[in-house]
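Given as structure tokens, the chain that follows is alone and in the form predicted alone.
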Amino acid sequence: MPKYVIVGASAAGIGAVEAIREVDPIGTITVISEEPCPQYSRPMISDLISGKADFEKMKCRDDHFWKKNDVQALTGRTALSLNLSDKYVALDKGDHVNFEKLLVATGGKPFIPKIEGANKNGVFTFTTLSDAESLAAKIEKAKSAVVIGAGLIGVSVTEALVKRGLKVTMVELQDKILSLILDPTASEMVENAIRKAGVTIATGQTIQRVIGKTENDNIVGGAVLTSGEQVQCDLVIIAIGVIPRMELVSGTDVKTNRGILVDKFMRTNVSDVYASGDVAEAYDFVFGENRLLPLWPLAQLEGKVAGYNMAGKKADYLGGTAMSALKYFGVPIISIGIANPKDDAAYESIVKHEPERNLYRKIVLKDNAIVGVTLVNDIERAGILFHLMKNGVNVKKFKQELLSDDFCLATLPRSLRRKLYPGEYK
């Protein structure tokens, strides 16, 4: 019987394997993954579509990773259900795998709204390698596409399609694009760059139905917006977002909310069962509570913490927060923590907007501590600001200097530099 069983072999699963092997070099590990080759970087899927990267460049671990770590990798297999009393995972083909310690790292799945005609040939999602490969196979003969959703996934796929020469219409239900990570000013700056690249952006609406071609109704020929406008297209990509894949724990004693609930050790409420990555609600140090944070680096860190604890080495997950470092359509952006505080009375925002230089910087404070950072076209100081934010530093005495052009480590009080960087400043 395997000592450790991990369902899911992406960022969290890989992090867990590496952590377990640091502590326990001989305990048996079985990893279960639906994908034939799961050790690739999902954030690079758009690079595959655009032609910037091939699959070899997308791999985050080599082909010998599982063998080198003495892992039984059951790839191309589906975990169907979980029996907690007898401690086994039921698989497709009637098989099952027993475990002593289990990590649920099943990630997320695309959120697909009910759209008439969504089953037509030419409608795609955009979260896995198979999604990307299917889409890439269709692009050669396509001239235009409609992308539903203007969040991180939607903007990412839009840029990839534009690089391949397609005419793209991006449709977003909210009034602004990237509304979860940017405030209206920053959003407008990015939107202007996207429009300049020839993309049509329709906000405040979504797709009512997908229509077929005149000669073959089963193949995508266009999309009808909620406004009634009809957009001709060869492809429709649903890129609204992902939701946790919690089917494996459905009907069990494992407690869930929007995701699987875990403590600081990444343990669920059930003994010997852990959860990490996009499927888990982990600690957000900005909000001081557990939340869904579907981010690759955090998933890998959560998996590592779970792996340590599964193998008997106590490790705490100190928390993460919403973090995006990206460059879409030539615009570098950093967004960390809270971009749009809802309770204005509890927050203070310091803003520096220079339209003539196309620069935007915003710091959100609560009780004189940084809880949000937004930087557009000027991201050099992101590391220092995040360090202050992560450590909960009271910035009252120098908060107005945070957005100055010459803000740097030397700007900070000497005593604070010593505290934050003890090895560099004595």
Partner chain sequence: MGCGLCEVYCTVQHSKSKDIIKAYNKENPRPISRVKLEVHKPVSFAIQCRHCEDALCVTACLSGAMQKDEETGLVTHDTEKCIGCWTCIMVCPYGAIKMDASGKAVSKCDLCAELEVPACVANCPNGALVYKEVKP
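Remember, it's a predicted structure, so these values are computed and weren't measured experimentally. Residue numbers count along the first chain shown, from 1.
Missing here is the form predicted in complex with its partner chain; even so, the following discussion is about that form.
- Only one segment in the set 300-308, 351-359, 84-92, 197-205 has any non-hydrogen atom within 4.5 angstroms of its partner chain in the model of the complex, and it is 300-308.
- Among residues of the shown chain, residue 336 is one whose heavy atoms approach its partner chain to within 4.5 Å in the model of the complex.
- Residue contact with its partner chain in the model of the complex: residue 387 places a heavy atom within 4.5 Å of it.
- Though the partner is left out of this view, residue 59 does reach within 4.5 Å of its partner chain in the model of the complex, counting heavy atoms only.
- Taking the partner from the other structure, its partner chain in the model of the complex has no heavy atom within 4.5 Å of any heavy atom of residue 366.
- Although the partner is absent from the chain shown here, 325, 382 and 410 each have a heavy atom within 4.5 Å of its partner chain in the model of the complex.
- Distance criterion of 4.5 Å from any heavy atom to its partner chain in the model of the complex singles out 296 from the list 347, 296, 124, 283.
- Contacts between stretch 26-43 and its partner chain, counted in the model of the complex as any heavy atom lying within 4.5 Å, involve 41, 43, listed in sequence order.
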